[in-house]
Structure formats: structure tokens, C-alpha cells
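What follows is one chain in C-alpha cells, specifically the form predicted on its own.
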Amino acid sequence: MNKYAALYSVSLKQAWAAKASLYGRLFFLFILIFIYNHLWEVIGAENNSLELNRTYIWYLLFAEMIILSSPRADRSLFNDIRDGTMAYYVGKPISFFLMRCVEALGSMTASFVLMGVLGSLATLLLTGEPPFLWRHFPIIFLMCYLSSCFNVLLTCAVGLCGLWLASIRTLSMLIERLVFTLGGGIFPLSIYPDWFIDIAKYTPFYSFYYLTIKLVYDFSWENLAVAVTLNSGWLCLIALFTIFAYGRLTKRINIYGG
């Protein structure tokens, strides 16, 4: 565990040092908040619902914190599998997959914390009081951080699909689109018809994203318990897939030599 903690620390420091990447993501987040703030101010004024803008912008902030903070661990893993880099780590006293996951978590944490602090301040200045109580903010922040961790694991699982696929570009693009649609990455799923929500409930995107971010405007201990339960279930399924895929991958390397 000390090795993985050291990897996490190094990755976190490297991410903080990469100012251009951090500021680029932060700038993109500010642009999204600014544009959609004006858009929903107009929509709220037309519908005599001034609370609509405040609720939606805080929802958008936490959704984009989860999405934008995650590095492209899938591409890194896929390239390591294809170019044989992974073969160098087989037999060493460290798991290659966990090493890449921990590195991605360190990079994600730096972006998530920066966007969480500065993004919350910017949103607070634009909309005023948030739709949640401040005593619930640490819980919401922690839940969104855990969802971002789950997102990292999901992208790593996609990278492991390089074991069977010649390219993961299409799969990665599909996952990204499903995050925005079935996960409510831009708009809350409550605006969609019931049949669409029923479909989304059978995917990990519904709990990893929507149920977690929904706590921003509909916080309750019951909703929190449902989100934790479903997230834990999907986490176990993804973990089982990664264990299976990584086991097959290391077996193939041991037999065929990479």
C-alpha cells in the first residue's frame, strides 16, 4: 500500500505542476457555467421560475467537476497494452493496472479539488445561495468525488478492452455520449420522459452521475442511501470485470510473452 500511496502522491504533485492542463479545464468549466447561466436566466424569466437557473447551474457545476476532472486513463492503458509496456511490469511486486488507476486518481484529485473550490465560488457569485443547505455541502462534495473515482475505474476498464478490441476509440466515444444522455451530464434526467429514465436506471451512468448529482437540488438521507447502494453494486460489477480482464491479459503475456 505504501507503493500505491507514493504513486498517488507523485501523480497529484505532477498534476498540480501541470498548470496549463489545470487552467485549461478550469477555463472550460467557467465558460460552460457562464453560458448556461445566461441561457437558464432567460428560460427562467420566460417561465416565471427564477429558482430554475440557480438549481440548474449548481447541478451543472458538480456534473462537469466529475466529467472534466477525469484523465484519459483508457487511452493510456490501451497504448500500454498495445505497445508492450505492460509486459515489463508482469512479475514485478506491483500491479500494473492498480498503478495506472492510482496515477489517474492522483491527477483527477488535483483537477477535482481546484474546480470544486473555484467553481463553487464562481457559481455562488453568479446565482447566490445554492439549492442545498451548506451543512450538506461536504456530503455532496464527497459523493461527487467518489463518483469521479468510479468514473476513473470505468475508463480504466474501457482501456482493458484493448485485450479484445483493435481500437477503443469508438467505445470511448460511446461511453462519453452515454454519460451526457443516460447519466444526465448536461441536463437532469427529470426533464426526459419516463420511458427514457426507466432505460437509464439499468446503466451505471444513472447512479454514478445522475443520482449523485441530484443530491444538489434534492438532498435527503433516503436519496443518499439509494445512491450509495447502487454505486456500490455497479462498482462491484466493474471491479469483477477488471479482475477478469486483467487476469486474462497477464495470462496471455505469460504464455505468449507479450
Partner chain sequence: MAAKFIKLFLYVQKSNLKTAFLNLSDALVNVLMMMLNNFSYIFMWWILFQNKGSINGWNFGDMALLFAVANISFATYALFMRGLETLPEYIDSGGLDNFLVMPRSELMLIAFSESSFANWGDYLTGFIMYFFSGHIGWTSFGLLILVTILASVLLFAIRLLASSLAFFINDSQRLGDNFFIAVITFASQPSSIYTGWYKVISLTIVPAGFLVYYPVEVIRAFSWTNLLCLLGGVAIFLALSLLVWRQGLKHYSSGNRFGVR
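Numbering follows the first chain given and starts at 1. Quick caveat: nothing in here was measured; it's all calculated off a predicted structure.
What comes next is about the form predicted together with its partner chain, which is not displayed.
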**OP:** Flag Leu230 as yes or no: does it have a non-hydrogen atom within 4.5 angstroms of any non-hydrogen atom of its partner chain in the predicted bound form?
**Re:** no
Original post:
Does the 4.5 Å heavy atom contact test between Ser95 and its partner chain in the predicted bound form come out positive?
Top reply: no
Subject >> Non-hydrogen atom contact Leu68 with its partner chain in the predicted bound form at 4.5 angstroms >> reply: yes
**OP:** Spell out, yes or no, whether the shortest heavy atom distance between Tyr23 and its partner chain in the predicted bound form is within 4.5 Å.
**Re:** yes
Original post:
Which of these residues, Thr181, Thr109, Ser76, Ser120, gets a heavy atom within 4.5 Å of its partner chain in the predicted bound form?
Top reply: Thr181
Original post:
Out of the stretches listed (129 to 137, 144 to 152, 98 to 106, 161 to 169), which one is close to its partner chain in the predicted bound form, meaning heavy atoms within 4.5 Å?
Top reply: 161 to 169
Subject >> Complete contact of Ala18, Leu32 and Trp40 with its partner chain in the predicted bound form (any heavy atom, 4.5 Å) >> reply: yes
Subject >> Contact set, 189 to 212 vs its partner chain in the predicted bound form - heavy atom within 4.5 angstroms >> reply: Ile191, Tyr192, Pro193, Trp195, Phe196
